[in-house]
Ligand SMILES: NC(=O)c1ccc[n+]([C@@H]2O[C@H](COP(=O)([O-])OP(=O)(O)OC[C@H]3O[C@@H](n4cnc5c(N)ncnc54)[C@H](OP(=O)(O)O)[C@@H]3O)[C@@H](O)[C@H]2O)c1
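Shown here is one chain on its own, the form predicted alone, set out as structure tokens.
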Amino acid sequence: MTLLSSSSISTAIGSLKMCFYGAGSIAEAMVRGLLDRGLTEPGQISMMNRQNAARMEELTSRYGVNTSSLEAEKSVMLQEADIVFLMMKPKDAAEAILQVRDLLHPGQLIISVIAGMTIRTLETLLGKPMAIVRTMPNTSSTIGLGATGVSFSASVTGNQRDLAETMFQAVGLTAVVEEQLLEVVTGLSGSGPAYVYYLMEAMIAAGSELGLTEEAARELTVQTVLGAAHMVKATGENPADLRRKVTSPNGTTQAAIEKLDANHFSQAVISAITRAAERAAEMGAEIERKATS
């Protein structure tokens, strides 16, 4: 098999028909990213959901993509697609896949953004051998700064891998991992934005309690977090090294870090990420039981 070059991959993506089953914020982010990067044209994209016609009209108006609320037309969209994105909510996924699986065929690439649903469960629901890409993006994808974990079924070709990675790189960065590590990705970056928001909540509250206006506390917090993230990325240095550089002996930062250490800050974060990863695995097991019962 000949692997495609980067330019050939971009050209190939533009020639493929894509169908998004599920039209939430991540689906919209993907469409916007693909279009903004010039990887495809609106006419190559179709989007569908179970019953929200107003949402379909909104997406057609905003992006010029193909949508429909008619079952016959949705069936054609699925049948004719080269790439099918499964982006429905986990609680609805098994039922929805069973309803449409006869419309899907082995020549298609299936990309799943269904939290917790394993490749094995998806293969069981589809009832036929298909190339499957399982992904775990996060909500920052909606502004093009997402982090997406990606895993592949054994039947995914090298070119299909490159296609999938290139498409998700349109909304941020990608990390290819073994499937069993996607739960760790879920705990770290999938749920990760919420941890940062939680920290920011506390910083804003502290600033306000100590006398700043809420607006000033918010602006200072946002800029501080933004600047710190950019410092890590721009310098390439380890966060621990950057922390040590701004921690003067017996200074204010050292006093604050000592207080965080006294409250087991690092261990609390590690425990939180571990629990999120465990919960992702539990959800996957629940989905598998329901899908195969």
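Sequential numbering from 1, following the sequence displayed. None of the values given here were measured: they were computed from a predicted structure.
Missing here is the form predicted together with the named molecule; even so, the following discussion is about that form.
This chain is drawn without the named molecule; in the model of the complex, the residue among 139, 159, 151, 221 with a heavy atom within 4.5 Å of it is 139. In terms of contact with the named molecule in the model of the complex, the residue from 200, 181, 103, 115 that brings a heavy atom within 4.5 Å is 115.
Contact annotation: residue 274 falls outside 4.5 Å of the named molecule in the model of the complex, judged by heavy atom distances. When the named molecule is considered in the model of the complex, residue 25 lines it closely, a heavy atom lying within 4.5 Å.
The named molecule is not drawn, but in the model of the complex it has no heavy atom within 4.5 Å of residue 250. At a distance threshold of 4.5 angstroms between non-hydrogen atoms, residue 243 is out of contact with the named molecule in the model of the complex. Only one segment in the set 168 to 176, 85 to 93, 202 to 210, 123 to 131 has residues whose heavy atoms sit within 4.5 Å of the named molecule in the model of the complex; it is 85 to 93.
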